[in-house]
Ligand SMILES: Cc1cc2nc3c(=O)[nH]c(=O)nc-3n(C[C@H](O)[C@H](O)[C@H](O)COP(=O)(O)OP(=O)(O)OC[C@H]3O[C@@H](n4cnc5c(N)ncnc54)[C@H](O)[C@@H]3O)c2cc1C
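Consider the single chain below, provided in structure tokens and representing the form predicted alone.
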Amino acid sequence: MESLTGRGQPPTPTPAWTARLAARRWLTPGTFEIALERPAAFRFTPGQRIRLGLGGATRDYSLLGPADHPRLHLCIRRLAGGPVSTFLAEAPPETTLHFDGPLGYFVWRPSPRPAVWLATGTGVAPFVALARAGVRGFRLAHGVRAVDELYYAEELRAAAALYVPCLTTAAGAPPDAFRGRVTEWAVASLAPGIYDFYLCGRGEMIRDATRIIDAGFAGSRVFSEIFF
């Protein structure tokens, strides 16, 4: 998950933590995962994020977990002209990075209601963290443009009661794929009822999903995290 901060905002405080870049692996030509050596005293709750600083630019990234791992893992989409994601895509191992955190409240809140998770793109990252923390039995719809963007699909499928890839292109789609957006899947596939909805992704998806939930799933709870 990447969210833009700082435009028109006061300067962020001096980052509280430093960590070295330990590893990088590419998931697709435009998306990669990095591992940071974890500061000994750093703690977080799965679903939270950190804010990496580079000069005057900052970006927020969800921590993939698990929470007790000696490294901090982040899933990052390289943005054209994005100074932080470009730097992280090219920085050599052992580069020292600075970050604030943990930040955010997009964490697991157990309840008797069925959990429905809707994600777009790298917005699936906090859901990976929750699955690695042992959350099971959720329904997850992950919306992407192409099949190679279904990051962590097998891991999430193993933890979920239902995992649905939502694709806007049909090429190479798995047999369980839904052709369309995650919001369209929710309308077409969810029975009437009261749910706990967790939404993470682009603002447009969260806006549309919230309207659908208000109209068709009265009494449900909604937790959301926007990224850009």
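Residue positions are given as counts along the sequence shown, with the first one as 1. From a predicted model like this one, the values you see are computed outputs, not experimental measurements.
A second form of this protein, the form predicted together with this ligand, is not displayed here; the remarks below concern that form.
- In terms of contact with this ligand in the predicted complex, the residue from 140, 84, 72, 130 that brings a heavy atom within 4.5 Å is 84.
- Taking non-hydrogen atoms only, residue 146 never approaches this ligand to within 4.5 angstroms in the predicted complex.
- Remark: residue 157 does not count among the residues lining this ligand in the predicted complex, judged by a heavy atom distance of 4.5 Å or less.
- Among heavy atoms of residue 79, some come within 4.5 Å of this ligand in the predicted complex.
- Taking the partner from elsewhere, residue 125 is found to have a heavy atom lying within 4.5 Å of this ligand in the predicted complex.
- Only one segment in the set 160-168, 189-197, 54-62, 36-44 has any non-hydrogen atom within 4.5 angstroms of this ligand in the predicted complex, and it is 54-62.
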